[in-house]
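What follows is one chain in structure tokens, specifically the form predicted alone.
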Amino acid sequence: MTVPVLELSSLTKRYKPGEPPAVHDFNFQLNDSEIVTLLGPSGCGKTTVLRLISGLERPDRGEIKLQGKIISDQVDFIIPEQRDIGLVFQDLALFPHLTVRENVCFGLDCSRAEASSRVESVLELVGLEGRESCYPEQLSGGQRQRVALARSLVTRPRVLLLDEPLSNLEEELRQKMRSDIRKILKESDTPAIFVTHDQEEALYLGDRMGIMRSGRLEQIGAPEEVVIKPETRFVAEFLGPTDFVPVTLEGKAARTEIGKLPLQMIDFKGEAEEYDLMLRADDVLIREAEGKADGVVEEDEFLGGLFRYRVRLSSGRRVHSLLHHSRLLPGGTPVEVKIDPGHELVAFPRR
């Protein structure tokens, strides 16, 4: 049986007595060469998890193992410098008076020849060869980010932790850097946990994506699995925009106000008498009504190659639909509405 690179069991951390814990009963595994992204609302405990793993915080309860060896529990606590875990923070904390080479090799504990070889290799890996003698103020935001990444990778950590490292970059540079970071981590074969508040970033970077809520891991899985088949209503709404329509069971079919679906097309979560069917905009098709209309277009939002339409159904409930930009339906247009997902849908107990 393969041992996870990193394993967290029942991890709990409370900063102030009487207040809810920042991290509560957190269980997680990181596998070799894997990138896991953690996503969740502000204050859900994402950064605290990284601080506990790195040793910057000590848990109140629970256990952390690195390659099967305990590095933190109620008895043992390995200090950060001895954990073989790299960190890249939002604040890159580069030394302004040191060159790129000096920043990268700062604190590297090996011979001068070995340090020189490692720095040369890692600078080539992050695309900074030829910039060794530059100072941080002479570099672009993306280049400074690469220096911080190189400084963490040069020690050859068993795990790399990244805490919203791209949040201070402009959007265009962020998109390029997230692509570069994923490539660098895969080429260096470095398992990593990447904390972000950006959903698109989490979807792109992660081999798996974890959604956190109130200090707990609400769901973790392949990004497409978490988006298409959320386990809880919170995950469904957090990864929105999401619509819900009531669904009732009629024999082997499920009826909604915009059509029937075979029961085998719906995964009903939990036990309940009444359910709401989760719909994303790409699950709903609309077209101009030729006869009786199911609803009316209230608003259209141009997204470049697509329009996202908000439709008010006859019941007053609203759903959204994505259509190609060539299909323009102005506000006020009566439309027929159809559920056409091409995949299994999810229903949650009605609130």
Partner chain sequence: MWKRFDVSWWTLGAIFSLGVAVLILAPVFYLSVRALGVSPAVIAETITSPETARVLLNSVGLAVAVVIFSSFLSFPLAILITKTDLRFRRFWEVAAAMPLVVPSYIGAFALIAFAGPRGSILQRWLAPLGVTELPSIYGWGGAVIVITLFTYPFLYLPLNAAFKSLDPRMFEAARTLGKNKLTAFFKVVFPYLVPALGAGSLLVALYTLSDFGAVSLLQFDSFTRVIYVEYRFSFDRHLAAFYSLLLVVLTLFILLLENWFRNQLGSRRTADVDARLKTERYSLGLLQIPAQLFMSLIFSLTILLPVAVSGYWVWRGYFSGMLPGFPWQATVNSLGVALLAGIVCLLISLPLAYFINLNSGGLGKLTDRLAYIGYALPGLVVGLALIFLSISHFPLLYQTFALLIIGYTIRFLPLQLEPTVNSLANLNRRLFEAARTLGRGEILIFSKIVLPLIRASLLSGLVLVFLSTMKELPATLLLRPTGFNTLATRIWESTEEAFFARAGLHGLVLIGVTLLVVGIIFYLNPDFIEEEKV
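If you superpose the two forms and keep the largest set of C-alpha atoms that fall within 1.5 Å, you have the rigid core. Positions refer to the first chain, counted from 1. Keep in mind that this is a model prediction, so the values were computed, not measured.
Keep in mind that the form predicted together with its partner chain is missing from the display, and what follows is about it.
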Complete contact of 49, 68 and 76 with its partner chain in the predicted bound form (any heavy atom, 4.5 Å): no
In the predicted bound form, residue 200 touching its partner chain (heavy atom, 4.5 Å): no
Touches its partner chain in the predicted bound form: residue 80 (any heavy atom, 4.5 Å): yes
Contact flag, residue 152 vs its partner chain in the predicted bound form, heavy atom cut 4.5 Å: yes
Touches its partner chain in the predicted bound form: residue 107 (any heavy atom, 4.5 Å): yes
Segment that reaches its partner chain in the predicted bound form - one of 34 to 42, 49 to 57, 313 to 321, 285 to 293, heavy atoms within 4.5 Å: 49 to 57
Option touching its partner chain, based on a heavy atom within 4.5 Å in the predicted bound form, out of 239, 184, 85, 247: 85
Heavy atom within 4.5 Å of its partner chain in the predicted bound form - the one residue of 251, 130, 262, 96 that qualifies: 96
CA of residue 98, rigid core aligned, shift of 2 Å or more between this form and the one not shown: yes
Residue 112 C-alpha relocation of at least 2 Å between this form and the one not shown, rigid core basis: yes
